[in-house]
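In the structure tokens that follow, a single protein chain appears in two forms: structure 1, then structure 2.
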Structure 1
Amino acid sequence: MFKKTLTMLLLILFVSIFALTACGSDDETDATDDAQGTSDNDTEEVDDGTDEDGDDGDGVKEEVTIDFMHLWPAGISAGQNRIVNEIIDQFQDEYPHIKVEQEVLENEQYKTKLQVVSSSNQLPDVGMTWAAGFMEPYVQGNLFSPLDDILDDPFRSSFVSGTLEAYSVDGVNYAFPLELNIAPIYYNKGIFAEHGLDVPETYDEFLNVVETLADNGVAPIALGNRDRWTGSLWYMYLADRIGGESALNSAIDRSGSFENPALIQAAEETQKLVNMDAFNRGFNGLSNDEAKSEFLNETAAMYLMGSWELPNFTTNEDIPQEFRDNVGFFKFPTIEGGEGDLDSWVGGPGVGLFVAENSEVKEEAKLFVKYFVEKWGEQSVTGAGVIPGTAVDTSSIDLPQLYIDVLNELGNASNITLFADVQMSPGVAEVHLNMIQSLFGNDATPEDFAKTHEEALAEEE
């Protein structure tokens, strides 16, 4: 399993270049083709004047179609979706014998469909995966194709140090990262100002913010915990701030225990937030997208989420500029007596691209994946405000200030702890996510929460 805490020396090596130069996914979304590759897999000879590598030649190419499934719908991931379509247009212009058909689902439906199609070994030719424990069963089931054959230099050296390792098993790469994320608490500056609130630096100050907002009829925090991993972010930060960066990681990697008093206290603090009405009404039954709408509609004052949301707060023209200018962020506050560091973050590599082992167009799929990752690194920064998994020279790029500020925080990070459910095996991750929802619903005591985790983890030793 991928190392639980990302080695910050490697990340800082990237950010020291990246940030300093910058300063000088609930009804199922309809699958769409988005005007890309609508042809069937019928064999049709086309004289495109190019060889397999796109060089001029006199060969005749068979028309092929690549099925590409991803989780960036146009509505809720407008910037990412736009760039996906631009890259596909560029690819099809360069390789006219290859068509790319898209199936686009929101985050949770994507995960569900990936499980369903993998059970019958009918994965798309190209799709998205998460790192570490999430990916391992697909690799062990021989569902993902090794990609080392296209991982040559300078392509290999273009990745941020440490990110490729997240997508490797036994030293073999099975996916390529597209994102690098941390999770700030975004807040509405106008709501804070209206109620005379300052950005909290300590947890006691944060609780005062929550109490003040709740007393004045404002939902303090937007949370859609039907998706469960969203609530896990809150628990992870509390575990970090109380027990330090090693508390949760050691419980998962079995060098420690989930019945660590610090992890039980983190569960207690989670329920304390619930009981003081810190979250929007009905949060345990809402999706992340529904909760995000409450933040975007300014009915909730704060929103803890990954930096993949930066496009919605910087470059997404579908969201009013006035609102985007009104969004700030702060680090999860420190807790008095806790061992956590203010500069320790929850985050890590985001989604990556895989190629299905049984793809009938594997060669073309690998060509597309390499092309996509290279172009994504070039275009995602300015086009979507996304921090890519490849290093980018931003010296000549005009970036929004919020984006620069997050990059600077990434550069100053003392630690980045990989999302808990991604660290865990799928079976344990499901236990974790179910217990998160039970904890937030006051259906499990903090002690039972810890004990259930410990039993699930111990079973896999």
Structure 2
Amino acid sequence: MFKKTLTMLLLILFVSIFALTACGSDDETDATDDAQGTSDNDTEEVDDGTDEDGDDGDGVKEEVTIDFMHLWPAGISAGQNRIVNEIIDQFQDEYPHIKVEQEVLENEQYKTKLQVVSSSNQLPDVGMTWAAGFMEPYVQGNLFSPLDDILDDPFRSSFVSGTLEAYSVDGVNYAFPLELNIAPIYYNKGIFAEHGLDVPETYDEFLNVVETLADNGVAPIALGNRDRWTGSLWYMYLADRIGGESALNSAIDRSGSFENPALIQAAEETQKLVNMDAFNRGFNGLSNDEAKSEFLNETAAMYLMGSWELPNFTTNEDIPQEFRDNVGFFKFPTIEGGEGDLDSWVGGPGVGLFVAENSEVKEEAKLFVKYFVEKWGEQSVTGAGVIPGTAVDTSSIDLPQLYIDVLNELGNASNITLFADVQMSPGVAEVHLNMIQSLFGNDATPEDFAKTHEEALAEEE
């Protein structure tokens, strides 16, 4: 009897503690904020007392806290997370009256949370957004603050051309890019040598490589098309090489049509690759990570992916040195009779920083964003292997050769076509991604593929 009562009591205690902490979490963080705020105040007073540098005038500034939400948890993105913390520390040292509080979520959770908090208009002061189609609803809803006022000249020109535009709506800039990627085709030099293959320079040579590998029982290309944007990269390159850089872009911005013969032909070529067994078995059911492991385990010879994978092929100690030394990359070859240029890339900026329109500390948040982007540009390649949206001087830093090659390609790029699913609005992007999966699965004909796109795009106009 006594034992039972005790268990019941304990249970009730647990439940009530849980309920209290869950409901009161908001208040509680506020309370700790205040506590930390006052302690900061104390230390500052001590500082003021000791040094006589004349900083006393600044000392009266009001204490503020910037909420910063980002998607680089220490576990998954260790390098990025470390740099973020370093930059925040430096910033807080430089501006002692500003405190930056981080909220870190993993990618998918981040996207969901951003949407949920924005529906109740409680965006963090500073957060991360993706470009173009993703950020458009936020801009239309007046949730992001225009950043043109802090985009003064040495700062503006430090960005790689074209990256800022991806974060602009109607000529007004709403976010600063932190990442810039292009997608080369990585290949396994060992497998190529084993089968006497050279890096293909034309598309016919490329098809020959695919055929030779497939005949010898090696999966030519690793593709995880459950994620769908992965297959989209292949289609985008084919569209670019056949129809030139404007074909896909003009279909999406509605100055052209998706039923452009070049875009249909690109879909035909895609299915031709599928029917040649160019991709690993069951690609439509595999995630990108599973496909990547095919490439890392040397069961597939090629892998078309963004330059964000470079650390895995250069500095990541978890991957055998032997393998890393074996990875090279080549540009998607040009197609005979096509209009595409060898130096035209598929890629684009990844995440960028925004400032919330209704932030109570907008000035400080803008200050922080600018500070962050500048510092990030100096450290991200060497510290986390992330190519920043600002120009990198390759001569002054020590980097693996593969990085330097990719950075040079980036410098020589004639065009960077932004990932189709980022360019499109979320609704059309979903149609595009579904159609990519159907096309690769031979469930849709190239004509249907183009027609469905055209209809979805026309409906949005």
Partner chain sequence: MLYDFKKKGEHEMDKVMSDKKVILLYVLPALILIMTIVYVPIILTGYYGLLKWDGIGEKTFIGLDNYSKLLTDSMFWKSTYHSFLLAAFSVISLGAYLLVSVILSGKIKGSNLFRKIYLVPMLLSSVAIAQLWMKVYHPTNGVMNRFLLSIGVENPPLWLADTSIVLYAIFLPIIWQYAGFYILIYYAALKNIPESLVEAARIDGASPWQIAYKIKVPLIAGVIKVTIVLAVVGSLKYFDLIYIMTDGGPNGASEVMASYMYKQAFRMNDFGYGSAVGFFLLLIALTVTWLIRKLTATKEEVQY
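Quick caveat, the model's predicted, so the values are computed rather than measured. Each form is matched to the other, and the largest set of C-alpha atoms that superpose within 1.5 Å is called the rigid core. By convention here, residues take numbers in order along the sequence of structure 1, the first being 1.
The second of the two standalone chains is derived from the form predicted in complex with its partner chain. In the core-superposed comparison between structure 1 and structure 2, the C-alpha atom of D93 has shifted by at least 2 angstroms. Annotation: Cα of I319 displaced by less than 2 Å between structure 1 and structure 2, core superposition. D153 is among the residues whose C-alpha shifts by 2 Å or more between structure 1 and structure 2 once the rigid core is aligned. Once the rigid core is matched between structure 1 and structure 2, the CA atom of E364 is found 9.6 Å away. Superposed on the rigid core, the forms differ at G141: its CA is offset by 4.6 Å between structure 1 and structure 2.
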